[in-house]
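Heads up, the chain below is alone and in the form predicted on its own; it's given as structure tokens.
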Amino acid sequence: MKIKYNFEFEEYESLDQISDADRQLIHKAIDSADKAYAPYSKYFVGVALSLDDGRVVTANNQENAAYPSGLCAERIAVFYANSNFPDTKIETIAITAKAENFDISEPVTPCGACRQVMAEAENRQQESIRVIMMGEKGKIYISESIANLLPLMFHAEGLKKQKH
């Protein structure tokens, strides 16, 4: 049997085409990317996420000479929000990046590990999290749910099974 999964997202040509609130959030992500610590990859990722109480959390990637010890901006932001505001829901996460050695003209999407962490947050709060993705310039993608970015995500139900 062959099964086909589809996903939807919105595509915009420029920041002028998105809402003021989304534009403000992406600008906070851009500002956060400027503060990233990325001396090895020279790839600076910034994230801003809006919470349902009006707060905005920003984060950026933090590299380390021992590469696996670094952490992505998305995971830092989600973990910070969940640890400091556990009763607050994440509404939207805006992601952008810039590079020192080349232009990023396509929307930046989260890595697989970040997608799984974001999916867990979405599952935990039982409400979708919108994702806004953009590069330094060019198109912007907006997804209404993490499920669009990780359609076969791992769920906690997989850990609760018992043998009969």
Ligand code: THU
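The shown structure was predicted, so the numbers you read here are calculated from the model rather than taken from an experiment. Note that residue numbering begins at 1 and tracks the sequence as displayed.
This protein has a second form, the form predicted together with the ligand, left out of what is shown; the following refers to that one.
Of these, N123, T58, T109, Q116, which has a heavy atom no more than 4.5 Å from the ligand in the predicted complex?
Partner contact (heavy atom, 4.5 Å) among the options: T109.
Looking at heavy atoms inside 4.5 Å, which stretch does the ligand contact in the predicted complex, given the options 41-49, 132-140, 99-107, 27-35?
Stretch 41-49 is the one.
Using heavy atoms and a 4.5 Å limit, would one call I90 a contact residue for the ligand in the predicted complex?
So I90 does not count as contacting the ligand.
Any chance V78 has a heavy atom within 4.5 Å of the ligand in the predicted complex?
V78: no contact with the ligand in the predicted complex.
Is there a heavy atom of A94 lying 4.5 Å or less from a heavy atom of the ligand in the predicted complex?
No, A94 stays farther than 4.5 Å from the ligand in the predicted complex.
Would you mind checking 66-86 for residues with a heavy atom within 4.5 Å of the ligand in the predicted complex?
Counting only heavy atoms within 4.5 Å of the ligand in the predicted complex, the contacting residues of 66-86 are C72, A73, E74.
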